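Just the one chain here, the form predicted on its own, laid out as structure tokens.
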Amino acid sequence: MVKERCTSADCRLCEFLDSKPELETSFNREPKQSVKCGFGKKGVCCRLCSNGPCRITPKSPRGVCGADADTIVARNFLRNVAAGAACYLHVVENTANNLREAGLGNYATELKGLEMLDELAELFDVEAEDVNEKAVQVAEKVLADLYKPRYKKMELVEKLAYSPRLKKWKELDIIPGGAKSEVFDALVKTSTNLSSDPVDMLMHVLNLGISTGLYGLHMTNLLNDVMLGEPEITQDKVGFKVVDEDYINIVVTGHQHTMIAHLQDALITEEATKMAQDVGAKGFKIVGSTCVGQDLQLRGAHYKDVFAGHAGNNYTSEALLATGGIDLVISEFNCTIPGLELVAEKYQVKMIAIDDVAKKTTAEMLKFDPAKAPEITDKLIKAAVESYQNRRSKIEIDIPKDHGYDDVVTGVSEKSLRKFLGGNYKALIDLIASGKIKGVAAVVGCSNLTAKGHDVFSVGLTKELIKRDILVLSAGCTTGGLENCGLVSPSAAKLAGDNLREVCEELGIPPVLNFGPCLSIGRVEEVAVELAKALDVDLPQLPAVLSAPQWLEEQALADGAFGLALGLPLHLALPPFVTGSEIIVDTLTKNLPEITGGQLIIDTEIESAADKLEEIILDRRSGLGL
């Protein structure tokens, strides 16, 4: 019997969905797609040429061209990672360009993180005194690296990487050349009748992981800090309760926060507020959704007036529109799932795309150009007002005000955490050394509907880890789920083991520290670097593990490649379409510890996955003499 709806760890969300039987969402579609292609799951289907698609079986161990399972799986995997790396590089490229244009005076937005600008200028040997010139030169350093040819190594890697890792990467010859060129040649390498060497392709995966992590994640965070303000630890509301029907509500989906820098400031001006009041609303609010909502939440201390709070992650967004309280969706990158279009049409929500990579069929295209930001902002505000006027009298407002929490701790970054701890990481290290905190687990990444249901594995694994006195750091859509299930509120301390509970209650913190969007996986890994530096060890020696239990997309695979290049153990609850190759599986799960120190762990069950992660942490503690 086919189940009617995918389940979720967020019970109130389930109740809300069940109250709308006429609403079609991903939760209804998932059961109808539950029978998966066995060849696709193993990665042994090849459709690179017209002789295919070829599918590898015991009776047909090679495709028409002669490619075996190892070659086909490696090609597919490298293509997946290259696509994921390309997505993140698109984000950092646009972010650096926006900073550059702001410095040149072409983007009418205030730089809010001048301390971070000074830090980057010093790190990159930029000598300019003028703030704007400094911003231009910092941005151009990043862009120059992205655009290098493949035969020229990216210069900033030397300045951004932890020195023991840099040495290891040089030994392995996986320091990336120009990041975009590396992606380009990954596609060339995996095209028809080119590379057949699975090991070489896996090394290219690690290479792409480095540019993804250092540039797509870490550098984007730092450039965002310059433009949008650095995170500050605070508390905020989450869930559908953040939607206030008295306002004109805008949802932005994606990852490119700097694209709305002008808009978010303009929405709280007297002129904009009057426009809203003229049609009966109190003003404008941006309702957080997907990773850009997490980024707004992370920097919420700077955006108290315009930011309503974070409503939920990627697979919560369809239900969010069904509250009737949203008037405009602006898409600028991924996590804008196609199903949103159906719900937007049903609830008469206007959709506008500002980056053509996130153009939806039913959305108007209004391509972002920093030089035209005031003009674009004006059009977006007018579109929101018009949508509010057209729809509010026709659409039922049904906002579950009991969905979510009022006291989620947010604004955690590698710097704000250090400040909270007293200026260095000694307090955290002392807690780990004493055993009050057994170790650190980063539970990060996406949300999907297939690893036991929406957020079910992420929430279950997190509960298992904190119960074992393991502090959890979270980033990405994973965090949206953990927030809406109460694990990022101080009261979650009662779910932790006795030792971790005592620490949390004394400090007034939850056992899950919320670092914000998936980009902040780079911040979580910076925390690991800070700990390693303080202990004078390399990353593989730390009692620290990674898990992306509900990874969803190619970007997550590129994130994972960075974690493996850093030498960290990485757990996934769903295999990344590689199990058709013994060489690939053995290399990632058995041989990688001898190569980078990292290790891929596939475990589809919550408790046994927690057992394995705890065992690694205990082993690392033993190695450090703890």
Partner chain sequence: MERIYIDRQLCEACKGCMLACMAKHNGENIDTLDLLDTSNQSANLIEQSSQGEVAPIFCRHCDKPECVEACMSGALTKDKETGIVSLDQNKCAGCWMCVMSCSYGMINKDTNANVAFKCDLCKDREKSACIENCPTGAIELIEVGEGRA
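Positions refer to the first chain, counted from 1. On a predicted model such as this, the values are computed, not experimentally measured, just so you know.
Not pictured, yet referred to below: the form predicted in complex with its partner chain.
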Note to self: Please tell me whether any heavy atom belonging to residue 593 falls inside 4.5 Å of a heavy atom of its partner chain, as the geometry stands in the predicted bound form.
What the structure shows: no
Checklist line | Close approach of residue 575 to its partner chain in the predicted bound form, 4.5 Å, heavy atom | finding: no
Notebook entry, point to check: Heavy atom to heavy atom, is residue 57 within 4.5 Å of its partner chain in the predicted bound form?
Noted result: yes
Check: Can you check whether residue 28 is within 4.5 Å of its partner chain in the predicted bound form, heavy atom basis?
Finding: no
Next item on the list: Can you check 575-583, 597-605, 559-567, 31-39 and let me know which stretch has heavy atoms within 4.5 Å of its partner chain in the predicted bound form?
Entry: 31-39
